[in-house]
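Below sits a lone chain in structure tokens, taken as the form predicted alone.
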Amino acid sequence: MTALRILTDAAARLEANGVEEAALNAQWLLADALGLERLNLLADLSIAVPEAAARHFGKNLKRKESGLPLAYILGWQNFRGLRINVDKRVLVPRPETEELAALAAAHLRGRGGELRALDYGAGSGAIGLWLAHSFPGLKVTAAEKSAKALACARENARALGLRARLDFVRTASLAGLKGRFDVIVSNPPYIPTGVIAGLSPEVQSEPRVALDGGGDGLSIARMLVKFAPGRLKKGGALLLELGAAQANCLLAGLPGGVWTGKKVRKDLNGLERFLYAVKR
């Protein structure tokens, strides 16, 4: 069959199973099966799909129907131009986290001297790796509670040629870390425990440790706010990605004697997503 026919049928199947962006998912899966870039596939949908590629596509289509994230099926996710390998050990990086990384970069551009960044809850390492890639003189510490996630981050660092630029630390708290940083950036677990069971199968297939933020979703974020002043240089920033209304909740409790420049920033969808505060 032609690529067009396969994509049409596949999109209908995915949509019938409640998969969002059904057509886009089908395109990525077929491009992967054919070993093509997605845009190259779309440039000529009249091509015939070889039997082996059709079988590979059919297998992955079933995986997508079952609720598996596309990035897990492909084995990677684009993060601000970097190819980050992902699997069930780590959360799939979202567009909002790309925005968080850009905010951290903006803060670093205004700093001088020897720059250091802490990516807390590093997961796949996407934020820290992109910052290291963007700032050749930057030293990055990737901190993570999960040993499996930390292993994934190390693998990505090696694959991107950035292993020498990152330190990897397994820890469940900032309290055990040494040194001071120009920026602490984190996309911590922020989903309230009681909400997780009602999330989509796709989200629930991701590591619970990367999702569960405790009763109100803010247990990890509160820990970061508590210990960040001791791990930041003067003028260093804390940047957190949080859920709706959570950033304002935390911001209200930040003491003015410790923090300045306190802000809540919106994401590209207009949601109040990011907490930003600078140590005095």
Ligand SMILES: C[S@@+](CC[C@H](N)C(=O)[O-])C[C@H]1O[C@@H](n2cnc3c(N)ncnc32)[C@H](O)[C@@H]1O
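In this text, residue numbers run from 1 along the sequence as written. A quick note: this is a predicted structure, and the numbers were derived from the prediction, not measured.
Omitted from view is the form predicted together with the ligand, to which the following refers.
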Subject >> Per-stretch contact check against the ligand in the model of the complex, the hit in 141-149, 194-202, 107-115, 156-164 (non-hydrogen atom, 4.5 angstroms) >> reply: 141-149
**OP:** Note which of L103, A71, A210, L82 lies within 4.5 Å of the ligand in the model of the complex, where distance is taken over heavy atoms; exactly one does.
**Re:** A210
Original post:
in the model of the complex, which of the listed residues (L239, L41, A33, I220) lies with a heavy atom within 4.5 Å of the ligand?
Top reply: I220
Original post:
Taking heavy atoms only, is N78 within 4.5 angstroms of the ligand in the model of the complex?
Top reply: no
**OP:** With heavy atoms only and a cut-off of 4.5 Å, decide whether S134 touches the ligand in the model of the complex.
**Re:** no
Original post:
So which bits of 166-181 sit within 4.5 Å of the ligand in the model of the complex, heavy atoms only?
Top reply: T171, A172, S173
